[in-house]
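Only one chain comes next, encoded as structure tokens, the form predicted on its own.
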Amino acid sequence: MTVHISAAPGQIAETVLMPGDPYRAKWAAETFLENIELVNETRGMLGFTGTWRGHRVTIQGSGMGMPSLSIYANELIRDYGAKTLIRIGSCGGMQPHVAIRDVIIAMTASTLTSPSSGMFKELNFAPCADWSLLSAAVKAAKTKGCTTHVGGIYSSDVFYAERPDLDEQMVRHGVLAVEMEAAELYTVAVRHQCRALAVLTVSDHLQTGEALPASAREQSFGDMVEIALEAAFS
């Protein structure tokens, strides 16, 4: 048990999927796992452990933003022995060829700052995904026939950004989408010699203003969860 996770020793699997929304964690566990058990509800941040094709999996909400994600990733690794952490979540498309409902597999995650930035001092550290997970996720996405994009994303530390100049430069340099957690996840994982990946669904678009209705999100997010599970156990 930690300050933020009430699971007992042995209740957390070595493979953890991390949606930001705790209720998305509940939906994913009930939809994709068998023999599920509620292992955490401290502060309402739900976590469930079950099995997928005989493999133990935990799906634990991470909250919104890198500071919250950092707390859960650190405790899952340090106190519960998690070895593979995969973020599953939504993102905002930034490129014209990226469409609503497309899946993005994040190779790298740029950021202005994260909870880990201070330890690097003058170094502009470049967080990236684990190659074994990345390549397996790409293969799984191709098998499913999903429209998928692989490349760099941007992890923002604010939701309501007011930097159109920054957005313009990211679009110019090929950044596929924006979200709020992956850069810190990648950094924490590599610090502890663990594997990490972000598999994301485009729920809205910064250029077109399109947005996926809330009622349609769960069905669209199913592909992302399946890709993450396939990648974890390939």
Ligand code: HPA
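On a predicted model such as this, the values are computed, not experimentally measured, just so you know. Heads up: residue numbers just count along the shown sequence, starting at 1.
There is another form of the same protein, the form predicted together with hypoxanthine; it is not shown, and what comes next is about it.
The stretch from 137-145, 87-95, 71-79, 116-124 that comes within 4.5 Å of hypoxanthine in the model of the complex, counting heavy atoms only, is 87-95.
The single contact residue among L176, V57, A28, M180, judged by any heavy atom lying within 4.5 Å of hypoxanthine in the model of the complex, is M180.
Checked against hypoxanthine in the model of the complex, the residues L46, M170, I36, L206 give one hit for a heavy atom within 4.5 Å, which is L206.
Taking the partner from the other structure, hypoxanthine in the model of the complex has no heavy atom within 4.5 Å of any heavy atom of W131. Using a 4.5 Å cut-off on any heavy atom, the one residue of 159-173 that reaches hypoxanthine in the model of the complex is F159.
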